[in-house]
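Single chain ahead, by itself, as structure tokens, in the form predicted alone.
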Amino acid sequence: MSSVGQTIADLRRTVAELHGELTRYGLVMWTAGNVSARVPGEDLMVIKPSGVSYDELTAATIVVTDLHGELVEGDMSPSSDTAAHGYVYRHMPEVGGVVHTHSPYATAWAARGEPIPCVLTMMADEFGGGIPVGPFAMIGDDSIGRGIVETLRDSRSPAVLMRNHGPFTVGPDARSAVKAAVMLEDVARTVHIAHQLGKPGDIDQDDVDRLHARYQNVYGQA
């Protein structure tokens, strides 16, 4: 097997396994949602097939497409969000993974068309501020991808709430994008609860900047 072939095989296995994190954290229902990963150095990505149950996903069922959504390898049709993922990869070269979920609290904010304000230090750490809202877009072509790119281009956030649809997250790899999706749902739930108790106060921008820089550059193991 060539080095590219081995990389694709490894990514198909990784992406299949990462879908299990979406069900583990309650971010998806039935067959909704998807994870994809860019194939480094190639105009290719691996992504969940359309309408396949999460407990049926294996490395063999994950499909390979080009960055315009054309099937390259696999026996099933790719996700209905494939064009959106491909648009993100074509226009955000720093992105190596994209995730879409219908996680309840984040999707509720998307249904309201309301950004999630930065009222938690964890939001400053993980997202560099509040979670922005992207435009309404139809499913099936690259309209959603355009909305994601336009919204995140001027934001530090790896997450966007697509209006009346749900959250998309990005990262340098698929695992990072899944982590962002998990953390997004956690803060969406907490901020929702805070709003039920009163109006939470925003964190000052200077403090947000310092928290984000610390978390991105100091937190964790060297």
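Just so we're clear, the structure is a prediction, and the values are computed from it rather than from any experiment. Note that residue numbering begins at 1 and tracks the sequence as displayed.
Below, we refer to the form predicted in complex with a further copy of the same chain, which is not included among the displayed structures.
Residue contact check for V178: one or more of its heavy atoms lie within 4.5 Å of a further copy of the same chain in the model of the complex.
In the model of the complex, none of the heavy atoms of G5 sits within 4.5 Å of a heavy atom of a further copy of the same chain.
At least one heavy atom of G51 is located within 4.5 Å of a further copy of the same chain in the model of the complex.
Residue contact with a further copy of the same chain in the model of the complex: R13 places no heavy atom within 4.5 Å of it. Across the proposed site, H102, G201 and L211 without exception bring a heavy atom within 4.5 Å of a further copy of the same chain in the model of the complex.
Residues of 136-173 lying near a further copy of the same chain in the model of the complex, listed in sequence order, are F136, M138, I139, G140, N164, H165, the criterion being any heavy atom within 4.5 Å.
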